[in-house]
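Form predicted alone, single chain, as structure tokens, below.
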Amino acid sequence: MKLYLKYASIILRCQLQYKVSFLMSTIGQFLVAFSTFLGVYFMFNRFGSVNGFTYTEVLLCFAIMLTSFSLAECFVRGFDAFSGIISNGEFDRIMVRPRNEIFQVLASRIEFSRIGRLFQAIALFMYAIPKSGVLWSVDKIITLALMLLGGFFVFSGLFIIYATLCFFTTEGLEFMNIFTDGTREFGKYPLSIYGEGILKFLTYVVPVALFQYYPFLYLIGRTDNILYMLAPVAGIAFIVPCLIFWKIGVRHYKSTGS
């Protein structure tokens, strides 16, 4: 952890060498997230509720999804940009260094400008939490924490899968954005509004619903099933097969020779 913080400090100082660029990137990330919020606002301004969910409930759901994705995109960005590491031969140098390759990829790129989205999520939390009608007890606070943690690990796992595919294809496969950026957009609403087929897919194939939909029902009091509260734990476990897949990809890797 001490070494990772050292890497993070170096990367932050490098990014702050161009302060105006960093500030504009951060503001840009905030505005992108804000434009998505406006879509939600106008939707509810017209219809009042969506599939029985109120405006403040959806904002709380949106904030959870946005926070999880922003944290993963900030700190696991090295895997999202892994195709460049493969194609330019950087992974050859990573393989001969004494540190674990996962650590080195994680520490190779940290996008601190993504805190712009995080600021948007915090603003949504500040508005939605007191107005959502949730009776905040210890179990609800734990549920919220598990949702954020589960979301971080699910998105991190998806980034790792994307990176691992680069061992076999060299270039990144853009269809993986459907499961990262796409699920972030889907996740601004409770997943049940998209129909049973989508909900099952995002439960059993890409386990977004495990941290977004099921614990959210427990959070807003629509179920008292304790398994719904603990569903994000299964989402956290999603990282295990992703790491196994990564190990298979590393064994398949062949040097660029550069």
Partner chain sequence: MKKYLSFFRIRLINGLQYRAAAWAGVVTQFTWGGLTLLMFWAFYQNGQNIFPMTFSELSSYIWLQQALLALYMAWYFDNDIFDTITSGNISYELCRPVDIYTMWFTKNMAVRLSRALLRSMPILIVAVFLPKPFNISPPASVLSGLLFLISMILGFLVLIAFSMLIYISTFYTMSPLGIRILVTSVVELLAGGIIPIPFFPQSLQTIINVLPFASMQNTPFLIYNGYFEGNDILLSMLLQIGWVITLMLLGRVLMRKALRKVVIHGG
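Positions refer to the first chain, counted from 1. Every value quoted in this text rests on a predicted model; they were computed, and no experiment measured them.
The same protein also exists as the form predicted together with the partner chain; that form is not shown, yet it is the one meant from here on.
S.K.: Please name which of the stretches 61-69, 191-199, 206-214, 226-234 has residues with heavy atoms lying within 4.5 Å of the partner chain in the predicted complex.
M.R.: So the stretch in question is 191-199.
S.K.: I need to confirm a contact call. Of 101, 92, 181, 139, which residue comes within 4.5 Å of the partner chain in the predicted complex, counting heavy atoms only?
M.R.: Flagged contact: 181.
S.K.: Please determine whether residue 167 contacts the partner chain in the predicted complex, using a 4.5 Å cut-off between heavy atoms.
M.R.: Outside the cut-off, so no.
S.K.: Looking in the predicted complex, any heavy atom of residue 49 within 4.5 Å of the partner chain?
M.R.: Within the cut-off, so yes.
S.K.: Although the partner isn't part of this model, could you tell me whether residue 29 comes within 4.5 Å of the partner chain in the predicted complex, counting any heavy atom of the residue?
M.R.: Result yes; residue 29 sits at the interface with the partner chain in the predicted complex.
S.K.: Please determine whether residue 25 contacts the partner chain in the predicted complex, using a 4.5 Å cut-off between heavy atoms.
M.R.: So residue 25 counts as contacting the partner chain.
S.K.: Every residue in 21, 39 and 44 with a non-hydrogen atom within 4.5 Å of the partner chain in the predicted complex?
M.R.: Looking in the predicted complex, the three residues 21, 39 and 44 all sit within 4.5 Å of the partner chain (heavy atoms).
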